[in-house]
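Single chain ahead, by itself, as structure tokens, in the form predicted on its own.
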Amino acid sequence: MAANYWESSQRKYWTFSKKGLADVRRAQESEPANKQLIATYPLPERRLLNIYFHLQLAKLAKRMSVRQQALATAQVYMRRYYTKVEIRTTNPYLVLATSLYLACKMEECPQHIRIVVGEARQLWPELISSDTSKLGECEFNLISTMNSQLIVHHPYRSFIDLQTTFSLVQEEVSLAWSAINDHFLTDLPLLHPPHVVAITAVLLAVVLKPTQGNLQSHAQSLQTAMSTIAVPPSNTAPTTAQARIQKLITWLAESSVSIEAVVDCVQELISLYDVWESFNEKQCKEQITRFVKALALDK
């Protein structure tokens, strides 16, 4: 379903178990040099940082009219990079801009380095140098850290196939598309194959009513989606909506897709939307700026 994913570097080197990812991060945090930085410069929890970085990347991408797929790739690059590098040893704004610059190259919508630096400085004038060589150096560092494994398989292609299979209406397509975009704010791109995320998005779109609005407002309804997966079909005549849900659940049960993986994806999104309510952009910015300035990482 996700063409070439099974032979990709993404599957071989950049897809972790939850325990494996936790171990990688724990090892990074336990390094003596990092321990001191972490104690001196506390940051919001990871999911809140992910929300903040997503919003900043989206602002930069909008200024340059960058398409969604390149923005998605940039977010995956950042997630991968920070599994290997302690964030407090970097200027996250430079990493943001560089990730988008590199993603645009890989997704065949390249942007000139001077344009990227110029637009980044418009957004973060006190935190980004006008020296384009800084972004060039960061690009080399990103590529090296990711071992030149830059091709990213996204859920979008699988979703396009699934929306035809399940005859999704436009409102459901929009809702599912939002779920796919939001999954980039979580660890899911490092945990599950893209087609599992696509299936999760379809499930949420079918279980939730499009009239309910955006996903962030309906974490409780996502809990319903989870219970729907586990509940066996009733013998009573289903409504049209129930029939569509039943078709999806039956299809899922007969496929080789792990239901546990789909449930995990739903849980991750629930967790994201729950924590989003406590997101404070000003606080995130202040805490990041503090270590960037104190460690002269903006020079």
Partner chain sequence: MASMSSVPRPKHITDRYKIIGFISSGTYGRVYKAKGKNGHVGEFAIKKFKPDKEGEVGYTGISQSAIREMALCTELSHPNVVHTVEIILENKCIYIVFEYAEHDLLQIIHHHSQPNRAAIPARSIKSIMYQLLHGLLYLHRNWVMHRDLKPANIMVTSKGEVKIGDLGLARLFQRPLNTLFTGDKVVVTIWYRAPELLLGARHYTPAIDLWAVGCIFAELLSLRPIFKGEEAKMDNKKSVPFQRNQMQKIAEILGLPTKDHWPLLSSMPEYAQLANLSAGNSRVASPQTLHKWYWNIVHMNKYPSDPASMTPGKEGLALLKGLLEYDPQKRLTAEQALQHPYFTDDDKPGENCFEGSGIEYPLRRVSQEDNDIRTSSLPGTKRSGLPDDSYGGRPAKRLKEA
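Predicted model only: the values in this text are computed from it and were never measured. Residue numbers count along the first chain shown, from 1.
Absent from the display: the form predicted in complex with the partner chain. The rest refers to it.
Legend entry - Site test, Arg11, Glu107 and Gly136 vs the partner chain in the predicted complex, non-hydrogen atom cutoff 4.5 Å: The answer is yes; Arg11, Glu107 and Gly136 each reach the partner chain.
Legend entry - Gln149, Ser130, Gln122, Ser174 - the one with a heavy atom within 4.5 Å of the partner chain in the predicted complex: If I apply the 4.5 Å criterion carefully, the residue I get is Gln149.
Legend entry - One residue of Arg67, Arg63, Lys247, Arg46 in contact with the partner chain, assessed in the predicted complex (non-hydrogen atom, 4.5 angstroms): It is Arg67 that has a heavy atom within 4.5 Å of the partner.
Legend entry - Among 197 to 205, 179 to 187, 90 to 98, 141 to 149, the region lying within 4.5 Å of the partner chain in the predicted complex by heavy atom distance: Going by heavy atoms within 4.5 Å, the stretch is 141 to 149.
Inset, instruction - Report yes if any heavy atom of Leu102 sits within 4.5 Å of a heavy atom of the partner chain in the predicted complex; otherwise report no. - result: Leu102: yes, in contact with the partner chain in the predicted complex.
Legend entry - Interface membership of Asp161, the partner chain in the predicted complex, 4.5 Å heavy atom rule: Result yes; Asp161 sits at the interface with the partner chain in the predicted complex.
Inset, instruction - Give a yes or no for Leu55: in the predicted complex, does one of its heavy atoms lie within 4.5 Å of a heavy atom belonging to the partner chain? - result: No.
Inset, instruction - Considering only heavy atoms, tell me if Asp274 and the partner chain come within 4.5 Å of each other in the predicted complex. - result: Although the partner chain is absent here, Asp274 would stay clear of it in the predicted complex, with no heavy atoms inside 4.5 Å.
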